[in-house]
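In the form predicted alone, a lone chain appears below as structure tokens.
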């Protein structure tokens, strides 16, 4: 059960303290305080953990300071979308808004290599009108002898270049809680020229200590990739780990499932789950077509498989795209064979725009159909309840 407090009440308000004390004295119930930082206001919520089946909802809503109560209908209480749940979704970070209605593109190299390549990529991203990019400083690899990323030593010049070209947010994978401190230190030293979205990769989806560490810090939003060999429900519980520690700025990323059924693609593309996730949770949904497809193969229609996969996610309502680009893919230290080139960026964005416009038209079409059905239902109701006329 989730108790939503009135907007003006913070965690230090007397009403908040009284409600917490009330439930601390209730047997088998543990209250946990959360604050949701939105673009316009900060909302305070209290999560009741334990057996809430015997609690009187009307009585709770009558407590001073309570706005309304949400009955939890899914195991992931914080990130889940529950019955009669009117909580707002989304957040704004460093001037960029992320929610279930808009779309942000993060194009960039999977791994940072040279200053020249990073600057070329950031310049191209900025000229294309984008505010976000991806830059991997820490790279977990299956082979222990493969390139593992340059780590903290590349952060100063990456952040400096981001500031130079007006990049607002960089998606950067981390593999250890120490990386959070390294990123914070480098940002401070550089004067905070940009923002960082912490990326938890598919191999760390069930690294629970890393999830807790990411959730405990509330400075950076988190991009959580679906685990490549676990169920969707298990991955959503990983997102709950993040949110349960207090960080509600979580984006869920679909990146394909590891199964031979997806061959010849690198992974089995799972972008049909975009609307499922939007229905089940409040999280914005990201797609990663690069790691799903993993090649630059082209269909007879002249369109890359990677572009087809991107369109599938966009036309289903994806809110973010994480995609590999590199100035010289043949020289990329990680995932060069799947990277698009800088020269292809404008084409890729135009293709996305076509799919996005189709999605918007589909929403309009669905709204018209819903209105027609509502009108038909109302007409039928009136017809069946109209009293008979006496002759």
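As the structure is a prediction and not an experimental result, all values here were calculated from the model. Residue numbers count along the first chain shown, from 1.
Below, we turn to the form predicted in complex with a small molecule, even though it does not appear here.
Only one of 284, 313, 201, 108 lies close to the small molecule in the predicted complex, with a heavy atom inside 4.5 Å, and it is 201. Taking non-hydrogen atoms only, residue 87 never approaches the small molecule to within 4.5 angstroms in the predicted complex. Contact annotation for residue 46: none of its heavy atoms lies within 4.5 Å of the small molecule in the predicted complex. Using a 4.5 Å cutoff between non-hydrogen atoms, residue 139 counts as a contact of the small molecule in the predicted complex.
The small molecule in the predicted complex comes within 4.5 Å of a heavy atom belonging to residue 291.
Annotation: in the predicted complex, residues 1, 82 and 240 none come within 4.5 Å of the small molecule through any heavy atom. Heavy atoms within 4.5 Å of the small molecule in the predicted complex map, among the stretches 229 to 237, 68 to 76, 145 to 153, 131 to 139, onto 131 to 139 alone.
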